[in-house]
Every structure is written in C-alpha cells, then in structure tokens.
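Read the single chain below, which is given as structure tokens and is the form predicted on its own.
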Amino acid sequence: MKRVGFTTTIPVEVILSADKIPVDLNNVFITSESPYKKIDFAEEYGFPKNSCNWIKGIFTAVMEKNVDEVVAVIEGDCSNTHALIEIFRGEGVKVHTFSYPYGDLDKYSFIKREIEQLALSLGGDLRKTQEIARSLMPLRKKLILLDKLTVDGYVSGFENHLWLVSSTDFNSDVQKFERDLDSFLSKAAGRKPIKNRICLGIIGVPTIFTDLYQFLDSKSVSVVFNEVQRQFSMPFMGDDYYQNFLDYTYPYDIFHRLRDIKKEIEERKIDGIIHYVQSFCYRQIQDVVIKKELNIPVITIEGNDPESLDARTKIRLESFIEMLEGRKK
C-alpha cells in the first residue's frame, strides 16, 4: 500500500478510502532518533538557518522516502508550505494540495469542494470516506475520554499530548492504535488521580521542546488542556462530515480559536496559560490578541530546536508558576 504524507491535519478518512496509509510528516520528524540530523540535511540542501525547523524536518522526512506522495495544506497552515511543495515537485515528488477556507466566503461549499477534489486526486471515494468516518467515531470517543481523564488527574499532560497528536494519522495503523489506546485507558483508569493546586493549559502549535511537560510535572503543576492537539483529535465529529472541518479551529483565525480556548479555560478551571510559539512563524503575532482577550495570566515561550528547555525559559516558567501559586493563595 502506498504511504501518503501530509503537512498538517487533513480529512484522513479520504486517504483511508483510497486504501493508502496516512503519515503525519511532523510526527515522523519529531519522533525520529535524531531530529537534528533531519534539520542538518535540509540546511545542507539549502534551507536557510533562520527558518522553521518543522518545515526542514518535513522536507527531510519526504526526501528520505518515508512516503510515496504528499498532501500539502496551502491555506490554513504554514505559508512556507508553498515554497516547500515547489521543491518537492522539482524533486519529482507527487504532491496533492488541500486548503481550508479563509474569510467570509461560503465556507461550507469551499470545504466540500476541497474534500471532493482531494478524494479525486488521491483516488479515494466520498461514500467510503464517510463510512470510514462513522466507523472511527467510537475511537474518537475514546480520545475524548482520554482528554476527560486528563482533567480528572488520571492521565498526564504529556500522555494527553502524545495520544492526541498521534491521532492525526493514528500512527499509520488504525487498528493497532485503537488496541494500544484501549490498553492505556484501562491502565489509566486504575491509577490514583493526581490533583495539583495549579492547572495549566498549553495553547499554540505542539511544542518542539523535548521536556516541557516533564519540567512542569517536576514543579507539581498539571497540564489539563492541550489546545491544538485536542483539535487534531477532532473531538466534535458529527454526522455532517464537511461541517466537522469548519468546527475544527486550528486552520482558522485567532478569534475562532479563542472561542474554544475560553470555553475550555472555564470548564477545566485553568489557572494560567502557556502560549507556545514557533520561531519564524506568523502565529507569533497572534500572541498580542491572545493576551488581550484572555482574562487569566498568559506566558509566551518560543522555541525552534528539538531540545530541552533552556535555562532562561525554565526560570521564566518557575516565576510564572510562583505567581499563579500566589494568586491561588
């Protein structure tokens, strides 16, 4: 079976309907034995040092023949993807494109047309796509349960991050992913719940730092909300397949995302927010709106390398946590 890589979350059921294997290229990069080697390869090819390392990692994952073809999201994600697919095409890689709607146009008709075109391009089938979506509903409900167990203290913030971010492609094997998830949920439900005084949410793209969650655990705080990872798991999947991808917040404007973030802050009783931003990413500018709109403390941290937190960021996080503890008292 052919393997289809993609640059960010797409309607994965379309790939499955074409009897092909979905592969999230971000996960291939960050879970590799040496992400730095992938970055070095891209820079030796000619990628500038002062550009996003996620893009470099995705490029190398494709050039190492981890996939046979690529779906590139050209609206609703990274603007660098436009240049990336030009390089892929120059290297003879088969590239399909997909866009999320932007602005006030008829978004429903737009997303419907994009999904139809993607199915046509990949050799998928729309009827089969929707059948697969319905068959995946029980699995997605288990991911919702995992997210609830995180709020209740049975699942750590890192475990939540890992499972939800892996749901973009189900680790390229839906059946095995579900079996492994069933086993994990069974073990997690039998744990003694951890109830820390301080509850945090992490918003923004999944962090490239390798030890953020472990550092926060060492400070006895709980991460009870991973914004974008939760969106990747598509927890709001309903019968209208096209509408689901309009309810999905990540590809859209910051105000669309903030409605979801504010709701989760209230429901999860979150004390503070860590806004992770990737270096050289336009989303950094949205930090201005986020801090203006949220009524709880927000700290912004920035990264670009797949490495441990630097000393300065640790000190800033420690000070942030101490401030939240003071407010709590």
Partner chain sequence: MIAGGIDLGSRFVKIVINNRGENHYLIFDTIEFYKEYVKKIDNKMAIDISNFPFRIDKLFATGYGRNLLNFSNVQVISEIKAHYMGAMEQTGENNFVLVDIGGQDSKVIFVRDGYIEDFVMNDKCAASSGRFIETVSSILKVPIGDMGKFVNDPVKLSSTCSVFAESEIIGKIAEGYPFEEIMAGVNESIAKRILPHLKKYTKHKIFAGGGVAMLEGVIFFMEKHLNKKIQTLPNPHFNGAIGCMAYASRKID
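Just so it is clear, the structure is predicted and the values come from calculations on it, not from any experiment. Positions refer to the first chain, counted from 1.
The form predicted together with the partner chain is left out here; the points below concern that form.
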Answer yes or no: in the model of the complex, does the partner chain come within 4.5 Å of a heavy atom in every one of 247, 261 and 266?
-> no
Residue 2 within 4.5 Å of the partner chain in the model of the complex, heavy atoms | no
Though only this chain appears here, would residue 310 touch the partner chain in the model of the complex if you measure heavy atom gaps against 4.5 Å?
-> yes
Counting only non-hydrogen atoms and a 4.5 angstroms cut-off, does residue 281 reach the partner chain in the model of the complex?
-> no
Just to confirm, residue 302 within 4.5 Å of the partner chain in the model of the complex by heavy atoms?
-> yes
Contacts with the partner chain in the model of the complex, stretch 310 to 329 (heavy atom within 4.5 Å) | 310, 311, 312, 313, 315, 316, 318, 319, 320, 322, 323, 326, 327
